[in-house]
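Next up: a single chain in C-alpha coordinates, the form predicted on its own.
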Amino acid sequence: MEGGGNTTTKGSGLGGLFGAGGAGYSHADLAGVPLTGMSPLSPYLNLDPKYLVQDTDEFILPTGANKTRGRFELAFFTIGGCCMTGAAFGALNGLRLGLKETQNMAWSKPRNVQILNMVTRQGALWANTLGSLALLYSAFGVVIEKTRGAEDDLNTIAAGTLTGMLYKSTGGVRGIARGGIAGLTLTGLYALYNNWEHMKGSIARQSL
(Lines give C-alpha, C1' and ligand atoms only; values in the text may rest on other atoms or scores of the structure.)
Protein backbone atom coordinates (compact mmCIF):
# COMPACT_ATOMS: atom_id res chain seq x y z
CA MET A 1 0.00 0.00 0.00
CA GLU A 2 2.81 2.33 0.87
CA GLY A 3 4.51 1.56 -2.40
CA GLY A 4 1.28 2.32 -4.24
CA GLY A 5 0.93 5.60 -2.35
CA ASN A 6 4.45 6.61 -3.25
CA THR A 7 3.85 5.77 -6.87
CA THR A 8 0.73 7.89 -6.90
CA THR A 9 2.59 10.79 -5.33
CA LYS A 10 5.43 10.59 -7.84
CA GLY A 11 3.03 10.35 -10.72
CA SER A 12 1.25 13.43 -9.54
CA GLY A 13 4.52 15.29 -9.22
CA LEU A 14 5.73 14.34 -12.69
CA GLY A 15 2.30 15.03 -14.08
CA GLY A 16 2.41 18.49 -12.58
CA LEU A 17 5.73 19.15 -14.28
CA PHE A 18 4.50 18.16 -17.74
CA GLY A 19 0.97 19.51 -17.43
CA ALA A 20 -0.72 16.12 -16.99
CA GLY A 21 -2.03 14.12 -14.10
CA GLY A 22 -2.84 15.53 -10.69
CA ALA A 23 -6.16 17.07 -9.78
CA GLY A 24 -7.99 17.98 -13.00
CA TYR A 25 -10.55 20.72 -13.43
CA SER A 26 -13.12 20.82 -16.18
CA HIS A 27 -14.21 23.93 -18.09
CA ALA A 28 -17.47 23.84 -16.19
CA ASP A 29 -15.62 24.11 -12.88
CA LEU A 30 -13.63 27.10 -14.11
CA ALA A 31 -16.56 28.86 -15.78
CA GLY A 32 -17.67 30.63 -12.62
CA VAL A 33 -14.25 31.59 -11.35
CA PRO A 34 -13.85 35.41 -11.59
CA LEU A 35 -10.77 36.74 -13.36
CA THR A 36 -9.52 39.21 -10.80
CA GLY A 37 -7.81 42.22 -12.34
CA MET A 38 -8.21 40.93 -15.89
CA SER A 39 -10.17 42.46 -18.76
CA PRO A 40 -12.51 40.21 -20.74
CA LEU A 41 -10.91 41.39 -23.98
CA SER A 42 -9.00 38.15 -24.45
CA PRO A 43 -8.86 34.94 -22.41
CA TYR A 44 -5.15 34.66 -23.19
CA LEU A 45 -3.84 38.22 -23.17
CA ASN A 46 -4.68 40.92 -20.66
CA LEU A 47 -3.93 43.83 -23.01
CA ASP A 48 -6.21 46.37 -24.58
CA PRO A 49 -5.69 46.33 -28.38
CA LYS A 50 -5.99 50.12 -28.57
CA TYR A 51 -2.55 50.37 -26.99
CA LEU A 52 -1.09 48.47 -29.94
CA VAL A 53 -2.13 51.17 -32.43
CA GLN A 54 0.75 53.54 -33.13
CA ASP A 55 -0.51 57.06 -33.61
CA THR A 56 2.92 58.66 -33.36
CA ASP A 57 6.09 58.57 -35.43
CA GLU A 58 8.14 55.40 -35.31
CA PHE A 59 11.42 57.32 -35.23
CA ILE A 60 12.66 59.76 -32.63
CA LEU A 61 13.78 62.95 -34.32
CA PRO A 62 16.56 65.12 -32.88
CA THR A 63 15.59 68.43 -31.36
CA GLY A 64 14.89 70.96 -34.11
CA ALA A 65 14.92 68.37 -36.92
CA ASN A 66 12.26 68.38 -39.61
CA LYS A 67 10.01 65.43 -40.38
CA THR A 68 10.62 65.87 -44.09
CA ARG A 69 13.95 65.56 -45.83
CA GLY A 70 15.63 68.71 -47.03
CA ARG A 71 16.92 69.49 -50.49
CA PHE A 72 20.40 68.21 -49.70
CA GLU A 73 19.04 64.79 -48.71
CA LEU A 74 16.79 64.70 -51.78
CA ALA A 75 19.58 65.80 -54.12
CA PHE A 76 21.11 62.33 -54.37
CA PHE A 77 17.75 60.75 -55.14
CA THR A 78 16.97 63.44 -57.71
CA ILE A 79 20.29 63.12 -59.53
CA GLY A 80 20.24 59.33 -59.54
CA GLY A 81 16.61 59.17 -60.65
CA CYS A 82 17.22 61.61 -63.50
CA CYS A 83 20.28 59.66 -64.68
CA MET A 84 18.35 56.39 -64.71
CA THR A 85 15.37 58.00 -66.44
CA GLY A 86 17.62 59.58 -69.05
CA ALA A 87 19.42 56.30 -69.68
CA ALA A 88 16.13 54.42 -70.14
CA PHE A 89 14.65 57.07 -72.43
CA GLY A 90 17.89 57.36 -74.40
CA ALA A 91 18.08 53.60 -74.86
CA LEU A 92 14.55 53.51 -76.27
CA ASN A 93 15.29 56.48 -78.51
CA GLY A 94 18.51 54.86 -79.68
CA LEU A 95 16.68 51.65 -80.48
CA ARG A 96 14.16 53.60 -82.53
CA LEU A 97 16.87 55.49 -84.41
CA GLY A 98 18.92 52.35 -84.94
CA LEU A 99 16.01 50.43 -86.41
CA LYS A 100 15.15 53.39 -88.62
CA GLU A 101 18.68 53.87 -89.93
CA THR A 102 19.23 50.16 -90.60
CA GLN A 103 15.81 49.34 -91.99
CA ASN A 104 17.29 48.60 -95.43
CA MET A 105 19.82 46.14 -93.98
CA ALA A 106 19.17 42.47 -93.42
CA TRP A 107 19.27 41.09 -89.90
CA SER A 108 22.95 40.36 -89.40
CA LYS A 109 25.76 40.97 -86.98
CA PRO A 110 26.74 44.37 -88.46
CA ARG A 111 23.17 45.61 -88.11
CA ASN A 112 22.94 44.38 -84.52
CA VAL A 113 26.23 46.07 -83.66
CA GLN A 114 25.09 49.34 -85.24
CA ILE A 115 21.80 49.28 -83.33
CA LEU A 116 23.61 48.47 -80.08
CA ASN A 117 26.02 51.36 -80.61
CA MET A 118 23.12 53.71 -81.21
CA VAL A 119 21.36 52.52 -78.06
CA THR A 120 24.50 52.95 -75.96
CA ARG A 121 25.29 56.38 -77.41
CA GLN A 122 21.80 57.76 -76.93
CA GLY A 123 21.47 56.26 -73.46
CA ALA A 124 24.71 57.86 -72.28
CA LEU A 125 23.80 61.19 -73.91
CA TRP A 126 20.38 61.46 -72.27
CA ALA A 127 21.65 60.23 -68.91
CA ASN A 128 24.40 62.86 -68.96
CA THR A 129 21.96 65.59 -69.97
CA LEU A 130 19.31 64.89 -67.35
CA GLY A 131 21.94 64.17 -64.71
CA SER A 132 23.60 67.54 -65.35
CA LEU A 133 20.26 69.34 -65.14
CA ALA A 134 19.43 67.55 -61.88
CA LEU A 135 22.84 68.42 -60.45
CA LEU A 136 22.43 72.12 -61.28
CA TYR A 137 18.87 72.18 -60.00
CA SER A 138 19.82 70.49 -56.71
CA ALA A 139 22.83 72.77 -56.20
CA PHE A 140 20.78 75.91 -56.80
CA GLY A 141 18.01 74.60 -54.57
CA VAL A 142 20.36 73.90 -51.66
CA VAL A 143 22.05 77.31 -51.96
CA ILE A 144 18.74 79.17 -52.14
CA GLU A 145 17.32 77.22 -49.20
CA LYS A 146 20.36 77.96 -47.03
CA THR A 147 20.36 81.62 -48.07
CA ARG A 148 16.67 82.24 -47.43
CA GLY A 149 16.44 79.95 -44.42
CA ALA A 150 13.10 78.60 -45.63
CA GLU A 151 11.82 75.78 -47.83
CA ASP A 152 8.86 76.49 -50.10
CA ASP A 153 7.80 76.52 -53.73
CA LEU A 154 9.66 79.77 -54.35
CA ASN A 155 12.94 77.87 -53.96
CA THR A 156 11.77 75.30 -56.50
CA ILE A 157 10.79 77.91 -59.10
CA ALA A 158 13.96 79.96 -58.57
CA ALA A 159 16.19 76.88 -58.80
CA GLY A 160 14.47 75.71 -61.99
CA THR A 161 14.74 79.13 -63.61
CA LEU A 162 18.43 79.50 -62.78
CA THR A 163 19.12 75.96 -63.97
CA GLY A 164 17.57 76.66 -67.36
CA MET A 165 19.42 79.94 -67.70
CA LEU A 166 22.81 78.44 -66.82
CA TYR A 167 22.32 75.35 -68.97
CA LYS A 168 21.53 77.47 -72.05
CA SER A 169 24.07 80.19 -71.26
CA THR A 170 26.23 79.16 -74.23
CA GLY A 171 23.46 80.25 -76.60
CA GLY A 172 23.76 83.93 -75.81
CA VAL A 173 21.10 86.21 -74.40
CA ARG A 174 18.35 84.55 -76.40
CA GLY A 175 19.41 81.11 -75.21
CA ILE A 176 19.51 82.27 -71.59
CA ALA A 177 16.03 83.71 -71.92
CA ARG A 178 14.67 80.53 -73.48
CA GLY A 179 16.29 78.37 -70.84
CA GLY A 180 14.97 80.55 -68.03
CA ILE A 181 11.45 80.51 -69.43
CA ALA A 182 11.56 76.73 -69.87
CA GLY A 183 12.79 76.18 -66.31
CA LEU A 184 10.25 78.65 -64.93
CA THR A 185 7.42 76.94 -66.78
CA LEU A 186 8.33 73.40 -65.74
CA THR A 187 8.93 74.20 -62.08
CA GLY A 188 5.84 76.42 -61.99
CA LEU A 189 3.70 73.55 -63.25
CA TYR A 190 5.31 71.25 -60.70
CA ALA A 191 4.58 73.67 -57.86
CA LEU A 192 1.01 74.07 -59.11
CA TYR A 193 0.59 70.29 -59.12
CA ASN A 194 1.88 69.98 -55.56
CA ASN A 195 -0.51 72.65 -54.28
CA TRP A 196 -3.52 71.65 -56.36
CA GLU A 197 -5.39 70.00 -53.48
CA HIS A 198 -4.72 72.96 -51.20
CA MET A 199 -5.90 75.38 -53.87
CA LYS A 200 -9.10 73.43 -54.47
CA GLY A 201 -9.81 73.44 -50.73
CA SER A 202 -9.25 77.19 -50.54
CA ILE A 203 -11.54 77.82 -53.51
CA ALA A 204 -14.21 75.60 -52.01
CA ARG A 205 -14.08 77.47 -48.68
CA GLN A 206 -14.28 80.84 -50.43
CA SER A 207 -17.30 79.73 -52.46
CA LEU A 208 -19.12 78.82 -49.25
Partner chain sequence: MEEYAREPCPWRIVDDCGGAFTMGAIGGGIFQAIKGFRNSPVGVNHRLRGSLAAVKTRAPQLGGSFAVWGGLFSMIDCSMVRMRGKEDPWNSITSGALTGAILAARNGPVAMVGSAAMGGILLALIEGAGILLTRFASAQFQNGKESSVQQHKAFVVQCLLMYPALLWSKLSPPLISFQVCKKSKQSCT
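Just so it is clear, the structure is predicted and the values come from calculations on it, not from any experiment. Positions refer to the first chain, counted from 1.
What comes next is about the form predicted in complex with its partner chain, which does not appear here.
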### Message
Can you work out whether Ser132 and its partner chain are in contact in the model of the complex, taking contact to mean some heavy atom pair no more than 4.5 Å apart?
### Response
yes
### Query
Can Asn112 be called a contact residue for its partner chain in the model of the complex at 4.5 Å between heavy atoms?
no
### Query
Contact between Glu73 and its partner chain in the model of the complex at 4.5 Å, heavy atoms?
yes
### Query
Does any heavy atom of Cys83 come within 4.5 Å of a heavy atom of its partner chain in the model of the complex?
yes
### Query
Even though the chain is shown alone, can you say which residues of 158 to 186 have a heavy atom within 4.5 Å of its partner chain in the model of the complex?
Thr170
